[in-house]
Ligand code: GDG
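The chain below stands alone and is given in structure tokens; this is the form predicted alone.
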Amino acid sequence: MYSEESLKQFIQDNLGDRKFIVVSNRQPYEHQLNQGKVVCKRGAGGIITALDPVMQASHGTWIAVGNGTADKKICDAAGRIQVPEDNPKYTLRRVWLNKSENKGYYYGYSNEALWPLCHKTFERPSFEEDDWESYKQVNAKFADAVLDEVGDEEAFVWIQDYHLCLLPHLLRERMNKDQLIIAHFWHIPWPSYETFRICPQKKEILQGLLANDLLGFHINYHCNNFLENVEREVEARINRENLTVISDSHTTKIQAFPISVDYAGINHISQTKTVENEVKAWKNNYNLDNQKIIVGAERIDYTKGLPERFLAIERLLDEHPELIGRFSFLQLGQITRIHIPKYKRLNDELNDLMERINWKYSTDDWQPILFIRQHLSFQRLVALFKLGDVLVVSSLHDGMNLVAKEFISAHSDESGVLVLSKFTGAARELTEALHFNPYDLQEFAGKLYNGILMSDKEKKIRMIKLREKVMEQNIYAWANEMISELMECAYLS
């Protein structure tokens, strides 16, 4: 099994003198002012879950946007700080954006154009020219930061996600040919040609991504979609046998790398006294003794199927009134991108649904839905997963979904049931979960019912198999495979 130590040794043995640089929009740690004191918080989201342990093993540099209220206060003049705070293992280099850049690049082009374009959730993308200009400007800022970190040395640069499509090409234009080996991992789905062709900037995006040496997706389906888009939009030579594209005299390898989590780390944390105490705190604070616990945990986003989830809880109680008072559904969800109208509408819709369903079914001392909008420490989140008898993941479209794998890793007691949308990348790996179509409320409610009533014996059989898969294909195996491909790119260059 791959581990932090084996990955660290692999990088030391193979990286040579090259620097190791990860680039993403979201930062792994942010610093906030709280009652006059600076508090460090671990960032939320799949990229942080996946890459923080990899960076701790590599001792490299992570470049990301600094957006915490105290971020500038504790950095050096170049925006650098050593993280994690309690045991520093790598450098975080922050890029500073002004309000206009953040609005156009992040809220605008990234999340009102590219995000809905790549997710089949019937949300219309909005392509504003001003947002595109901000997107280009911020990608150029990231290029400046990378070039400053690399200097005259050689480096592996590993770019993350849809916020930085143009960065590879910008780096190629400004660096010596052999100085950089560039990889890019795309964390969300890649759309079919019929969908992607509506994007006014499609050629620039494809050309930007084809400046990478290695471009990774979660599953082969997304690789094939990308190749079809290249074939129809860009002058290039495609070899479908070895999944390479030659464009503008540069070769890009396209490959699927199903992302994962730090199984061993989460498994260990789940068995600590801290988590044990947090489990008790959850039960005491929300009066959860003698109940089955259904858990949902993600940020508030229209791709996650949250209204469908609330409606499935309602359907479950409509059809099985004997369950009234016998379970509680805890939905953890941080509000994000609230400046975008569709996110505000979603938050309002969820509030209305919760109030209606709770009014319909609540008793003097019980209500079915508990909606918790707060940032949790990682230990408290693991405790929530361990507490859960059932985890529900109802994404309408999802590249992978690491919450499902975190839940599995946290169940060191080999209990728990995963109720998983068919439309996640994780569903292709986690075949022992209860799969369902989130658009089919009858099927959805039925799977929740099956999960609540499943026998302890069947739970254990399923969970043991799920844990074996996540243990073997953990985050270090994912990183090892992708970095191995990067090394191959370096060798071929």
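All residue numbers refer to positions in the sequence shown, first residue = 1. The structure displayed is predicted, hence computed values, not measured ones.
Another form exists, predicted together with the named molecule; not displayed. Remarks below refer to it.
In the predicted bound form, the named molecule sits within 4.5 Å of a heavy atom of L376. The named molecule in the predicted bound form comes within 4.5 Å of a heavy atom belonging to H187. When the named molecule is considered in the predicted bound form, K304 lines it closely, a heavy atom lying within 4.5 Å. Residue contact check for L402: one or more of its heavy atoms lie within 4.5 Å of the named molecule in the predicted bound form. The candidate spot formed by E314, V390 and S455 is out of contact with the named molecule in the predicted bound form: none of the three has a heavy atom within 4.5 Å. Contact with the named molecule in the predicted bound form, defined as a heavy atom within 4.5 Å, holds for exactly one of M354, A211, L332, L346, namely L332.
Only one of the listed residues (R309, H218, H163, K386) places a non-hydrogen atom within 4.5 angstroms of the named molecule in the predicted bound form, and that residue is H218. Of the candidate stretches 43-51, 445-453, 464-472, 59-67, only 43-51 has residues with heavy atoms within 4.5 Å of the named molecule in the predicted bound form. Using a 4.5 Å cut-off on any heavy atom, the one residue of 246-273 that reaches the named molecule in the predicted bound form is I259.
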